[in-house]
Every structure is written in structure tokens, then in C-alpha cells.
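Shown here is one chain on its own, the form predicted on its own, set out as C-alpha cells.
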């Protein structure tokens, strides 16, 4: 049943839901978590498939059309393709996507495509084995690239996007190899500025390699032409002037896109976050398990979304980093 569209107090219509299905991850990326990992949620704390499907269905009824499944690493959640199939079949869900580190793609690609995943974002921060290990603390580049190759055999999985977190002192050496990858394969590379969501809480603005710096470095070798930015898009996309591929830049630190942000997030333990950098969360798991009907859940969701932050304040005086790191929030 179609409901009134979901809007925040600033007039933005919410159309995108990021759902974390687990806080667990098989990598230990430096920009996300410590080498020893983090305390994981207990199984009983995590939303069941049925609970996730009920909440996603409710959001879809309020006009949320795009659903992205994240983690942690979503593919480590047992029977994850089954959940994907449940969500793909929900009325109102127009696009179902997943963000993954790709380590288990070789195993799961076929099942995920069959389940109805429309788009895949795969995190790859280096194309060199030793540097990939340095950043992720896992010797896994070969497995990730093999998984990408398996996934790319399915036409319905394209376009496949590769996400690289841009960190000063590291990513400069990766820029041109990634540009070459974008020019020689069907993959669309996206550079994402390093954000203050690391569990080590070591982030500083000096570590941010900006999208503009990367764009200029690529443009000097392979001229780029901008494409129009779609409303609420996170990436500023450029095509290579000679027509050989596209590349994108997600610049939340240097060029925030908060003004038309249409995204909210659901954590693995059932908390609604209205901004990646929210300091407050709204519990949906508690009311859900206490027997709340859809109208009660709708009211809780609408009240929370109405209070959605106008912007994230990263880099401004007084900015406070969220308690949760990226792996516990969901990308």
C-alpha cells in the first residue's frame, strides 16, 4: 500500500536506504577498523531476514525506491543471497544494490545476480598485491580480482563500480593505474575521500586526498569531460574525452553533497541513522520485537527522518566523530 512520501524537515524527499546486514568483516582496512578487529554484535542483536524485509517494505511503501545492502561485509552474513531475493521481490523496491569487498564474489556472484541484485560496488583500494595488503591487512587482491572477473560475466550486473578510498600518502601511486583500469575494462572506478569514520579515530584533514587533486592528476594524462550530476548523486562523474570509459569522484569532505541528500541508514542491530555522521540513532528493533504494527513503526520513522541533519559538519570547528565506525554503521 502506497503511503505519503517520506520527507525530512528541510524538504528533502528520502528515496535511498542503506541497510547494514552485519557488522562483521573479513578485512581489517586501516580507514575502518583496528588490526585486531572490533567486538561483534551478538547474533540475537542483529535483525533477522524477516525483520529486515518488513522494515524495507515499509520504507518502500513510503517511496524509498533504492536499497543498498552493506556491512561490515554483507557476503559474510549466512545465506545472504536469500535475503537479497526477499528484498528484490518487495513491491516498490526499484533498485537493489550491494557494496562488498569482493573477497567472496567468486562464490556468490551467480546467486546474487539470480536473486535480483541490480548493481555491485566493489571496494578495491590498490591494484598492487603488497599495497593492497598494507591497507586491508589481508593478502586478498587476487581473490577479489578473480571474483570481479566472475561477476563481470553476467551482463545484468553491469555497470560494476570499483570504490577506492583516497588517502594522502598512499593513493597518489594508485591514481593512474586505476584510470588505466577504467579505460581498459567495463568497470567504473570511484575515488572516495577518506572520512572520519575510522575506529582508530586517527583521521585528520591532512590525510584527505581530495577528489579535485585526483581528477587533475588524471586529466593531465587522460583528458576528462564532466557529465551532468544527477539529483542526489554522491559521485561527480567524468568521461574520458576519447570515449574510453568513465570515472567518478565522491568528495564528502571537500565538496559536500548534503543539500540534496536523500539517504538514510539502517544498522545491523536495527537503528535508524539519518546521516552517516549522526550522533543520535532511533531504535526500530525494540518496537519491532515488542509487537509494534506498521502504523506505529511508520510514525517512529517519520519522526526520526523529519529531524534529519541539514549537513554533516565534517572539517568544521566543533565536529564530533560518531561513536560507531564505518563497519558498524554501514556504508
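Here the structure is a predicted model, which means the values were calculated and not measured. Residue numbers count along the first chain shown, from 1.
Just so it is clear, the following notes concern the form predicted in complex with a small molecule, a form of the same protein that is not shown.
Peer 1: Indicate whether residue 174 is a 4.5 Å heavy atom neighbour of the small molecule in the model of the complex.
Peer 2: No, no contact at 4.5 Å.
Peer 1: Would residue 70 count as a contact of the small molecule in the model of the complex, using a 4.5 angstroms cut-off between non-hydrogen atoms?
Peer 2: Residue-level check for residue 70: yes, a contact with the small molecule.
Peer 1: Using the partner position in the model of the complex, report whether residue 32 sits within 4.5 Å of the small molecule, counting heavy atoms only.
Peer 2: The answer is yes: residue 32 has a heavy atom within 4.5 Å of the small molecule.
Peer 1: Classify residue 6 as contacting or not contacting the small molecule in the model of the complex by the rule of any non-hydrogen atom within 4.5 angstroms, answering yes or no.
Peer 2: Residue 6 lies outside the contact set for the small molecule.
Peer 1: In the model of the complex, does each of 235, 262 and 274 have a heavy atom within 4.5 Å of the small molecule?
Peer 2: Not one of the three qualifies.
Peer 1: Which residue, 148, 192, 87, 140, is the contact with the small molecule in the model of the complex, using a 4.5 Å heavy atom cutoff?
Peer 2: Here the answer is residue option 192.
Peer 1: Name the single residue among 210, 126, 207, 99 that comes within 4.5 Å of the small molecule in the model of the complex, judging by heavy atoms.
Peer 2: Spelling it out, the residue with a heavy atom inside the cut-off is 99.
Peer 1: Which one of these stretches, 214 to 222, 151 to 159, 99 to 107, 254 to 262, sits within 4.5 Å of the small molecule in the model of the complex when only heavy atoms are counted?
Peer 2: That would be 99 to 107.
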